[in-house]
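Before any questions on how it binds or moves, here is one chain, the form predicted alone, in structure tokens.
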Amino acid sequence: MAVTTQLSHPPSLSKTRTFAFSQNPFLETPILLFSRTKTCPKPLKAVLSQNPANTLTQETTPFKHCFTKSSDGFLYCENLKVQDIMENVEKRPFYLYSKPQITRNFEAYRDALEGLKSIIGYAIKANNNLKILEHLRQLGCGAVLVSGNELRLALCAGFDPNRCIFNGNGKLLEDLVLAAQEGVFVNVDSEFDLENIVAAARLAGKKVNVLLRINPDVDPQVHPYVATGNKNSKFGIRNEKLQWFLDAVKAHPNELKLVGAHCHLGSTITKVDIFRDAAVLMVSYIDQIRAQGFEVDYLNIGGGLGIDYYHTGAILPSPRDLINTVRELVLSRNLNLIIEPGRSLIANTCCLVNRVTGVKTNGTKNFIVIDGSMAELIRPSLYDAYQHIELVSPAPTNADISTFDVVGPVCESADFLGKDRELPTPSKGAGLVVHDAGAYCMSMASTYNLKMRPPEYWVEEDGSVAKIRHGETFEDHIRFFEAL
């Protein structure tokens, strides 16, 4: 079983390193073989659907996770034992992905959108690994951007600018100039944002295709930190100001072309009726916009579909459930549908793999201390997010099962990956994974306490393991201060 490590030192991506497991993929102690080669109308308010007769029929096939615990007590990723991978990579926390699962997640959206004119715009903020972006682009994704550097990265990954959407409530002029030059769709988020887009269009000498990001004031029923479509959100324009923005666009015919309307409700949404409620409002706004002579062809309903972080077997809405809630509305207006999945494309494809440093008890609390931390994965510390945790190999037969907080070595009481988890008492050095770590984990990692950002690997379709990002080192940190 080959393990191919792709080096990604900029600007060249030509270096590769290859090492191989012995031919039996399930050996307890694989052998490493190394070789190297260089190679507005009055506002409308959505009412959430309550009528059981209108309840959607959702898919009832439970999601099959790419990480599975086998009857032998070991955790596997696409039939490859995670323990074997741990023994053949750097001895530090690392992110491990399933490339086939990324493909399967994309295909679920692609198949759901059959019969519609559409753009699947992957939200780069969820995970900005260049190799993952290149793979999604090859599958047919567009990109959703929230910074100038994300735009630059999308271009590096080869995304078609005409399938890219630039979001954000504080876009900078120089980044908007680049977006205008490249022909990227730009969402208008405020009065000053519109002024900056007009200035960028003049500097670039290009007319910009814009969508109005309308705040529909719909409660997505999620954590307030990830709610973006209610009236107190910093995002979008208030619907009662719609006419002001339409008049402003009309006043700049050489700089702006209004092509669509956009909304984004939030993240981790598990009730697809919420998307339909928003789409009903958005289609009404599009009707009003078209009535004033604008040729509006795009409806962007954002992203935000949730996943089963708890691993309880809950049947959550699928991409098909989501698309089916808005399909008839989109077809009735002959619209191009833009969706912006991030979490639902990438989260469940990845684990953060850690090693147990030790076990301790203080007072009535038991702790499993691992080498990973809030620096590598901050979601639990940031907004008390839950992510499933388990050991990668069977615990000793005499191991007690206890309730633990799983914590890292960072000098903060907030440094935890999970609280009150029932687990077998692990041995020192045992592997422990935090599941569903593909979204908003590595992209939010830091070097706090000089815990350098970890490497990333993925399991390929052929069962090989490729390195897709180098881990940062202390020497990388020191280089920021050279020649100062």
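Residue indices: 1-based, along the sequence shown. Just so we're clear, the structure is a prediction, and the values are computed from it rather than from any experiment.
If you look for the form predicted in complex with a small molecule, you will not find it shown, but the lines that follow are about it.
The shortest heavy atom separation between residue 67 and the small molecule in the predicted bound form exceeds 4.5 Å. Proximity of residue 342 to the small molecule in the predicted bound form falls within the 4.5 Å heavy atom cutoff.
Among residues of the shown chain, residue 392 is not one whose heavy atoms approach the small molecule to within 4.5 Å in the predicted bound form. At the 4.5 Å threshold, heavy atoms of residue 326 stay clear of the small molecule in the predicted bound form, well away from it.
Contact with the small molecule, judged by heavy atoms within 4.5 Å in the predicted bound form, is confined among 151-159, 299-307, 132-140, 286-294 to 299-307. For the options 268, 318, 118, 381, the one in contact with the small molecule in the predicted bound form, meaning a heavy atom within 4.5 Å, is 268.
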